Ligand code: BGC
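Before any questions on how it binds or moves, here is one chain, the form predicted alone, in structure tokens.
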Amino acid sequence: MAKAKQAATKSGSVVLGIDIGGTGIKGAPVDLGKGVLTAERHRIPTPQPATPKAVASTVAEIVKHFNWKGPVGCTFPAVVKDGVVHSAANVDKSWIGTNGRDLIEKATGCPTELVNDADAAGIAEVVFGAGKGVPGTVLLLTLGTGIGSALFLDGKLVPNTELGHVFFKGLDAEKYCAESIREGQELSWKKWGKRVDRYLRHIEFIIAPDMLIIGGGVSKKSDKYFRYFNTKCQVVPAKMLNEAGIIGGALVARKG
């Protein structure tokens, strides 16, 4: 099996995707032709504090777990440009200015690409999920600890949008209606759903998307709160769920 996996990697059909999050770092090899994991994902708790060196070391553990020698695609919860991290809203501030791509390449010995986590999830949804084949403007919003966003025009990514940090109701929007706020304030699905609706309609006024995709773990509970949405555009739950980041990261790392 190991030989078959390595052969597939050389042909470009399988890439290791790793999703770096605030509480966990998880990864798995991805079949890029089908958009599915080829092995059970491996998860390690995110080190605290999540410094660049500590995170890179954890990523290397995942690479070692799969005995991986090929390309690696990593997601990261921040603005990422040419491998360099430019923000730190929900990660250790020491990441700002760090070339995360080079750091992880050095730790793993594998060619690496680093991409914003919401952008990666969006790529997975546009290639394999709810946004596949949808023309026009498609916006993915991930509702979790914060709010991530990924914007596409006719399938092409507009990278590093940070619509979770739009100033709304006197707050960063994610401080008003992220999933963590629902949990922390013990909001009912109705009350939280109406909060999310107000935010979505605000974003709709600014961008006027043709489709809104709601991602994050809460997307699988869409029946509990979608009924409270009153947007003009179509709103759909993400299809890739918790595998979106891993699959999207792998897609970004695909060469050729």
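Numbers follow the displayed sequence, beginning with 1. Since the structure is predicted, the reported quantities are computational estimates derived from the model, not experimental observations.
The following text describes the form predicted in complex with beta-D-glucopyranose, which does not appear among the structures shown.
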For beta-D-glucopyranose, considered in the predicted complex: do all three of V127, L140 and L157 come within 4.5 Å of it, counting heavy atoms only? no
Verify the contact flag for G122: yes if a non-hydrogen atom of it lies within 4.5 Å of a non-hydrogen atom of beta-D-glucopyranose in the predicted complex, no if not. no
Can you tell me if C110 lies within 4.5 angstroms of beta-D-glucopyranose in the predicted complex, counting non-hydrogen atoms only? no
Please tell me whether any heavy atom belonging to A173 falls inside 4.5 Å of a heavy atom of beta-D-glucopyranose, as the geometry stands in the predicted complex. no
Would L103 count as a contact of beta-D-glucopyranose in the predicted complex, using a 4.5 angstroms cut-off between non-hydrogen atoms? no
Pick the stretch from 129 to 137, 94 to 102, 179 to 187, 77 to 85 whose residues have a heavy atom within 4.5 Å of beta-D-glucopyranose in the predicted complex. 77 to 85
Taking beta-D-glucopyranose in the predicted complex, which residues of 118 to 150 have any heavy atom within 4.5 Å of it? A118, T142, G146, I147, G148
